[in-house]
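Encoded as structure tokens, the following chain is the form predicted on its own, with no partner shown.
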């Protein structure tokens, strides 16, 4: 593959641009390992605009590793409620407990990689920003920027393409004065300038080194991304009693979707028909909820009372409607917000 630019100029352009154009984000004021680690976990697969309020309230509730480690998992999940990808919250809590037993936080990416929920990108971000370790970050934004600047047209979903780009960024960071600024700058360009559908090339510090800019290719062509695998389709039927003053919920295990969250009694079926045809219940809500690999069609059935539940309730917890409920998956959170607003 032809290299279209001088590595040193490329790297310095990124750093210089970042220092003058970086967004004002709270963890950048005090780039301590805990603050950066928390930010990286919150913003995995989450845009800044969506996740910033979550980051702030998590930090307010748990200002230190010790505070997070000593919290109950339900507390962490409740603050995370609505952000999705709940394994991040569970791993965040577990890792805090591990770190709290140590004298100091890890200072190398290799050490961070041994912890639950910490991958190569997160480990590199923490140690390059906080400790100046010369290790490159590659996320979706970086993949897009490098694919365009170097006009890499291979499928970006393939591991071989990712490895090619990782190797390029590994070589570029060697010319950086500040590895943390280089990594953050490259990600920032992808997030704010080199956008997927409408790249703002006139604002880009890599414009004159960019093979994509000199080409006639459309933004949708580079990087090339093959279609994702089809989502698994599931039908979940939840049972509820609007006439009762209480609600029964149980905590999901970590092996399926919504691990650690609380849900109404439910049954799964092959279609939209209620699997418990013998109960007297009316359908009061149905909708579709998309997860990364699953398409959830959910239905909420209103029973005359909880005594009619087709699901045995002896292992469920009882909560009073309108009071503080535990962490719920988004479909049920929205349903209860709508229901309680009418009370």
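Positions refer to the first chain, counted from 1. This is a predicted model, so every value here is computed, not measured.
Only in words, not in the display: the form predicted together with the DNA, which the text now covers.
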(message) So in the predicted complex, is the DNA close enough to residue 158 to count as touching (4.5 Å, heavy atoms)?
(response) yes
(request) State yes or no: in the predicted complex, is some non-hydrogen atom of residue 34 no more than 4.5 angstroms from a non-hydrogen atom of the DNA? (result) no
(message) Can you tell me if residue 85 lies within 4.5 angstroms of the DNA in the predicted complex, counting non-hydrogen atoms only?
(response) yes
(message) Contact with the DNA in the predicted complex for residue 228, defined as at least one heavy atom pair within 4.5 Å: yes or no?
(response) yes
(message) Give me the residue from 286, 308, 56, 289 that has a heavy atom within 4.5 Å of the DNA in the predicted complex.
(response) 289
(request) Scan 206, 191, 92, 146 and let me know which has any heavy atom within 4.5 Å of the DNA in the predicted complex. (result) 191
(request) Would you mind picking out the stretch of 44-52, 297-305, 64-72, 310-318 that comes within 4.5 angstroms of the DNA in the predicted complex, counting non-hydrogen atoms? (result) 44-52
(request) Report whether all of 28, 257 and 329 sit within 4.5 Å of the DNA in the predicted complex, measuring from non-hydrogen atoms. (result) yes
(message) Only counting heavy atoms and a 4.5 Å limit, does any residue of 100-119 reach the DNA in the predicted complex, and if so which ones?
(response) 115, 116, 117, 118, 119
